[in-house]
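Presented below, as structure tokens, is a lone chain in the form predicted on its own.
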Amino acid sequence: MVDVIRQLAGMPLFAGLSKAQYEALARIGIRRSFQKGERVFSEGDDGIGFYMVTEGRVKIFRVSAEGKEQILHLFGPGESFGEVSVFTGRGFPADAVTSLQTTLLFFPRMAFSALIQKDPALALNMLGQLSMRLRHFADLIEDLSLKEVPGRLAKYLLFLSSKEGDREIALDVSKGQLASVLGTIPETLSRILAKMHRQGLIRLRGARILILDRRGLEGIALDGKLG
């Protein structure tokens, strides 16, 4: 349980809770292991609970009527997904598949609902996190509909840099997955990365990217165009 409590304390969804609250959460969390490419749930499945990633990565996506996959989010260690089911009891709105060998903590809806009825403070961080995610999806819809691919990529690189607190960031997903997140194809993504490199905006170091001109990237993120 000590290990689970430590993991929960490092999770934004449950930041700043008391030891007793972490212990209560740890008692209802169920550890589940998945192989790479294994399905966690499908769109429309009953929302029986939500998940926290302790190791690995989970891809959340939807498939269009034409069979095109659009990745909505990639969740890594410390991040959670499927929380909407706790409040609505409805089916999951998208598919979830592991991108790597993954370990999750599963929180059953009924058990978690009982906890927050006794201690409403547990729900406050969750509501804040869900609000942030709603804003992310609103931005994603806006970017996909209004901005060109260079603008989407620049914004994503700036987001990663802010998240990691460093000029050098790690692209820990494949170019195919990143292209899907940005609503493009890998060939186009590679060309734009190479052009940003030539223009001195970034420096490519294998799977790592060093941001050289943050202001230049901010300009591209704003107007969506790469000169």
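Don't overthink the numbering: it's just position in the shown sequence, from 1. We call the rigid core whatever largest set of C-alpha positions still superposes within 1.5 Å between the two forms. On a predicted model such as this, the values are computed, not experimentally measured, just so you know.
Just so it is clear, the following notes concern the form predicted in complex with the DNA, a form of the same protein that is not shown.
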query	finding
Candidate stretches 154-162, 174-182, 37-45, 55-63, one within 4.5 Å of the DNA in the model of the complex by heavy atom	174-182
Heavy atom within 4.5 Å of the DNA in the model of the complex - residue from 188, 33, 70, 199	188
The unique member of 149, 74, 122, 97 whose heavy atoms fall within 4.5 Å of the DNA in the model of the complex	149
Non-hydrogen atom contact residue 169 with the DNA in the model of the complex at 4.5 angstroms	no
Touches the DNA in the model of the complex: residue 26 (any heavy atom, 4.5 Å)	no
In the model of the complex, residues of 193-211 near the DNA [heavy atom within 4.5 Å]	194
CA of residue 9, rigid core aligned, shift of 2 Å or more between this form and the one not shown	no
Threshold 2 Å Cα movement between this form and the one not shown at residue 209, rigid core reference	yes
Large Cα move at residue 198 between this form and the one not shown, threshold 2 Å, rigid core	yes
